[in-house]
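The chain below stands alone and is given as structure tokens, in the form predicted on its own.
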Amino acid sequence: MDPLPDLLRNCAQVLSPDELRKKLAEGRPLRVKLGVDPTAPDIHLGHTVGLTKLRQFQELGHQAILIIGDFTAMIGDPSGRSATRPQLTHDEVMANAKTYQEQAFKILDPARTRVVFNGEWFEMMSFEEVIRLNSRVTLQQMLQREDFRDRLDRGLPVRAHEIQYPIMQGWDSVQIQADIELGGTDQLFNIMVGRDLQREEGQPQQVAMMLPILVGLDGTQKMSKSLGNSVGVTEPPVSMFGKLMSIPDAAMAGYYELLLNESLAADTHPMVAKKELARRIVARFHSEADAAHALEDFNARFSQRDLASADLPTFALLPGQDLVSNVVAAFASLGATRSRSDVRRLVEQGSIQLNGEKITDPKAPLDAGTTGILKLDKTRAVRLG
């Protein structure tokens, strides 16, 4: 059976399908690269898109090479960024890398995964070698990047160390002689630099397989912990289920394709689709029993309106603060980001409820001793205490 159609599924762009077919026809295990920078200790569902595609290659007998960017993470990938990333120390990166690997193996087969830290070659390079590597790429090439051009046009700084990132990612491909590199659509420039460097080194060029980027819970921006719109793979089952139930209806088809590798039937009711997605994702990263409990808990909270008996997170009211400030803080305690204007609108619409009663005055005081259930929206609530 031809594996190519399944491998190409959910790819936004492949350079090129003919090259991939020729590599597959060689009849040997291909070296399939996925680079990750442990800039945070946790993996969210957006990361699992690339890891799942890598697992697909593993199941076909190919070698998965997970590059842990302990050196590139200290720069921070500038792809899609409108500002320079905060720099991390090597100790911070290595601490993140430990949990990152553990979580990646929730998807990858550890026995068929080669984990490589790119510090293995970068920390051995002399300054002369760094200069020689930089001479392989022109500044004009770097400034072709849309994100760099956009910053320059807006008068925002592009730091010299950021220009190193695509070169370093490309050199990773040379070092492991990658046959295929996986990455989000924002990684195309970096992966093409790798192809150029491989050609100059006399190596066969890697196939670039670009995967769509999973949008976050807001339905618009890339899933990101820093944006408060992510779902971590180690989050408690009830929290994971509740967050997935908050996905906008318009984003559901993309979640089904990228996380379940299935097409969502057009006539599926959004609530039914979300419950099935949430149940299956919780079962994948926890257990079927946890998924069943999370579904029961959600139904108790929102379908049956029995919030008093639900397993809710506890939130302590901010003394001396108004309703809007407390609701913003309550959302933040659940990993969700809401502006004061967003919350004020929810209040005025009657979405915020205290013990079943709507609060429609954004300036309403909340006594620090208030107890009970504060309902934040259709899928989130906290127990005051």
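Model, not experiment: these values are computed from the prediction. Only the largest set of C-alpha atoms that superpose within 1.5 Å between the two forms is called the rigid core. From 1 onward, residues are counted along the sequence shown.
Another form exists, predicted together with the RNA; not displayed. Remarks below refer to it.
This chain is displayed without the RNA, yet in the predicted bound form the stretch 344 to 352 from 313 to 321, 344 to 352, 44 to 52, 28 to 36 comes within 4.5 Å of it by heavy atoms. Judged against the RNA in the predicted bound form with a 4.5 angstroms heavy atom cut-off, the residues Ile247, His269 and Phe298 are in contact without exception. When the RNA is considered in the predicted bound form, only one residue from Val115, Leu156, Met125, Leu264 comes within 4.5 Å through any heavy atom, namely Leu156. In summary, among the residues Lys274, Lys225, Arg195, His286, the only one with a non-hydrogen atom within 4.5 Å of the RNA in the predicted bound form is Lys274.
Contact between His62 and the RNA in the predicted bound form is not found at the 4.5 Å heavy atom cutoff. Contact between Pro166 and the RNA in the predicted bound form is not found at the 4.5 Å heavy atom cutoff. Although the partner is absent here, Tyr256 lies well away from the RNA in the predicted bound form, with no heavy atom inside 4.5 Å. At the 4.5 Å threshold, heavy atoms of Phe71 stay clear of the RNA in the predicted bound form, well away from it.
Contacts to the RNA in the predicted bound form (heavy atom within 4.5 Å) from stretch 351 to 385: Ser351, Lys358, Lys363, Lys375, Asp377, Lys378, Thr379. Comparing the forms between this form and the one not shown, the C-alpha position of Arg55 differs by less than 2 angstroms, with the core used for superposition. Core-superposed comparison between this form and the one not shown: the Cα of Val328 travels 2 Å or more. The Cα position of Leu376 differs by 2 Å or more between this form and the one not shown after fitting on the rigid core.
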